[in-house]
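Given next are two forms of a protein chain, the same chain in both, each as structure tokens and marked structure 1 or structure 2.
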Structure 1
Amino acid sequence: MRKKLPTYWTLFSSAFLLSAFTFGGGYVIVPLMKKKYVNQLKWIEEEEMLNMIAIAQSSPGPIAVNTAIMVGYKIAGVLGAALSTIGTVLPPLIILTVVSFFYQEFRDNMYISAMLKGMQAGVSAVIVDVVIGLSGNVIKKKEIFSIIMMITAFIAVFFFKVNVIIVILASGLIGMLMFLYRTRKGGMNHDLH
């Protein structure tokens, strides 16, 4: 697949619009980024996008900003990373600045309170969509080990209340060990031929 060369403006405006209309945290922007960069613009393959998201969520900082940095760098180098990051950070900065000036009025306004409660329900639905989409991609690969890891991580977090950081670090370590094992096993099989 031949990639179209993106313009810096397309990269910046895409990141800006995604961030401006995403409410509810970093996990809400994940399916929107996938739709924009993988499905619409076709700048990134789906598996590579999932890898970027995995790295972004296991790195310090907000997942949306971390993913924006990696997507921008992949598409247009250092300048692309900078533009994508600025596009992602600017909308919340503007919104929070406006809200901070009118905080008292926003806090006491029953219409805004009702609107925010409704948005919470919508955000919950989007997060469920992200979970189903990401887990569906793991299941599609039909790698039993990855499916077992996913189910184990889910049980550890939701039933045994294991800290998410520990689950992410343990999953990363297990993934690295599996990669080394497969590489070594593949090398030994290659030597036998």
Structure 2
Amino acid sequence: MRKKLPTYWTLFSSAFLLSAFTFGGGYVIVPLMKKKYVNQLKWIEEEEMLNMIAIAQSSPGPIAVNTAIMVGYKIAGVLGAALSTIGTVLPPLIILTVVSFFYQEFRDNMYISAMLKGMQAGVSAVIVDVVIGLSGNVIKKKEIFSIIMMITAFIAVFFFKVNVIIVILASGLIGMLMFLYRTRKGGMNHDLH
């Protein structure tokens, strides 16, 4: 399917802006991406976005880049993935290349560290805002299974520092077992009738 030029441009510029304003990589950019692609552009459904984040998290390499590749591919195929990746990588590439010329001055600059301290509170608010929305949707569905999975995973990662990959794999396995259990139960009911 051929995509129009504006789609490619939106894909590239969104990735570029998201990456340029994401201080402290990893999970900071993921909530921002969710807000951009699910809520603002409405390109991706929330459940699909969560699936894609899970795949990005389980693959090697930076999660921001991986999520950008998934989103780009979903919207506009391999070319989309390439554009989205370039958009994500360019801001750090430019900034770090510039910073590496005079990094000591940068590191010790009072204004920069004051700005970053302020931004830390801002970014926390953005993430909490996204988490309120996402967890609210999980709770609203009233599936006990999902709610228990969410709480257990949070405790495992935040308090017990269990490796993220292990948590994802375990929850996938539990999901599969639940599915097999349900279909077997469904199958047996069929036999009875």
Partner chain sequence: MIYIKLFISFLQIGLFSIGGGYAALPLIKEQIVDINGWLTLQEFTDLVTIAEMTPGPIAINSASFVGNQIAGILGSIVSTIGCVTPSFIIVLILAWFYFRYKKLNIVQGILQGIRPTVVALIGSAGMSILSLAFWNTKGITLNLEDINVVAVILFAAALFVLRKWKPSPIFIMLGTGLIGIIVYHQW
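Numbering for residues begins at 1 and runs along the sequence of structure 1. Whichever C-alpha set is largest while still superposing within 1.5 Å between the two forms counts as the rigid core. All values derive from a computational prediction rather than experimental measurement.
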Output row: form predicted alone located in structure 1
Compare the position of the CA of A170 between structures 1 and 2 after a rigid core fit and state whether the shift reaches 2 Å.
yes
Is the C-alpha displacement of I112 equal to or greater than 2 Å between structures 1 and 2 once the rigid core has been superposed?
-> yes
Item checked: After fitting the core, S124 CA displacement of 2 Å or more between structures 1 and 2 -> yes
Cα of F179, core superposed, displaced between structures 1 and 2 by (Å) 4.6
